[in-house]
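One chain follows as structure tokens, the form predicted on its own.
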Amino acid sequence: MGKLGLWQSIAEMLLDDIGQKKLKAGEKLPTELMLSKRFGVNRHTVRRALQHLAEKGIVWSKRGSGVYLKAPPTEYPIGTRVRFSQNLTLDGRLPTRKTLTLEIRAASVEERNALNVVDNGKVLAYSGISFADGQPIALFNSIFDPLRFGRLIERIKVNNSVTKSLNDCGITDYTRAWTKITAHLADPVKANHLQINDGQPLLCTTSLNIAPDGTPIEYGKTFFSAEHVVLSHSDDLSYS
């Protein structure tokens, strides 16, 4: 092998930093200017090295923000029982959530049909961002019939968890009745929340959870970053 060019040497040194955990998954890399000063080269040379790492799928660039180290995709099982926290914990990730909206509003036709809400009825809409080890991986929107769960909105504020909040309202178990998966491209708002570029692929799951007696419990849509999540299926999943 011949002598490495400057940009190749810089790429190798950045890879060494990653291997030594000096850079962590999801973390922003130093700016081009900072790297130029560190390696004593111009920004064009640094940019070529970063482009090489991006082509290898090691880093990604967010317009106007910087370059970030990619995290390995999170495996997210979809089966009879789908629980956000347990799914991520089983994959060795730390699950967290950020609430965007939590409100009572008019139900759409789609929501009324899924939850059997009466015409002109209201629904409880809970939306937010799901994180794995601090990396945003999905945007969720969960819909409930507030007449069935009078304390649910207060419990969600306390727990920031659907499973715990439903349990506080007397629903100790629920299962997935059905799930539909569709592909989308990220619009600017979704891309900003998920820290990806506009037009990146998203996987959308539309689903209905039901109580043991078949009563509709939760209707939801979740937009997963296809770059950060791998959806898998198993009928053998069972969580307590």
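For the two forms, the rigid core is made up of the largest set of C-alpha atoms that agree within 1.5 Å on superposition. The numbering used is simple: start at 1 and walk along the sequence shown. A quick note: this is a predicted structure, and the numbers were derived from the prediction, not measured.
In what follows, reference is made to the form predicted together with the DNA, a form of this protein that is not presented.
S.K.: Lys56, His44, His184, Arg38: which sits within 4.5 Å of the DNA in the model of the complex by any heavy atom?
M.R.: By the 4.5 Å heavy-atom cutoff, the listed residue in contact is His44.
S.K.: Would you classify Ser61 as touching the DNA in the model of the complex, given a 4.5 Å non-hydrogen atom cut-off?
M.R.: Close contact exists here: in the model of the complex, Ser61 approaches the DNA to within 4.5 Å, heavy atoms only.
S.K.: In the model of the complex, does Thr215 come within 4.5 Å of the DNA, counting heavy atoms only?
M.R.: Judged by the heavy-atom cut-off of 4.5 Å, Thr215 is well away from the DNA in the model of the complex.
S.K.: Answer for Ile196 alone: is it within 4.5 Å of the DNA in the model of the complex, judged on heavy atom distances?
M.R.: The answer is no: Ile196 has no heavy atom within 4.5 Å of the DNA.
S.K.: Taking heavy atoms only, is Ser65 within 4.5 angstroms of the DNA in the model of the complex?
M.R.: Contact with the DNA, yes.
S.K.: Please say whether, between this form and the one not shown, the C-alpha of Ala54 moves by 2 Å or more once the core is aligned.
M.R.: Passes the 2 Å threshold, so yes.
S.K.: After superposition on the rigid core, does the Cα atom of Ser65 shift by at least 2 Å between this form and the one not shown?
M.R.: Yes; that C-alpha moves by at least 2 Å between this form and the one not shown.
S.K.: Specify closer or farther for Gln51 and Asn197: how their Cα atoms are spaced in the model of the complex versus the shown form, given a shift of 3 angstroms or more.
M.R.: Compared with the form shown here, the C-alpha atoms of Gln51 and Asn197 sit closer together in the model of the complex, by 3 Å or more.
S.K.: Relative to what is shown, are the Cα atoms of His52 and Pro201 closer or farther apart in the model of the complex, where the gap shifts by 3 Å or more?
M.R.: Closer together, which means the C-alphas of His52 and Pro201 are at least 3 Å nearer in the model of the complex.
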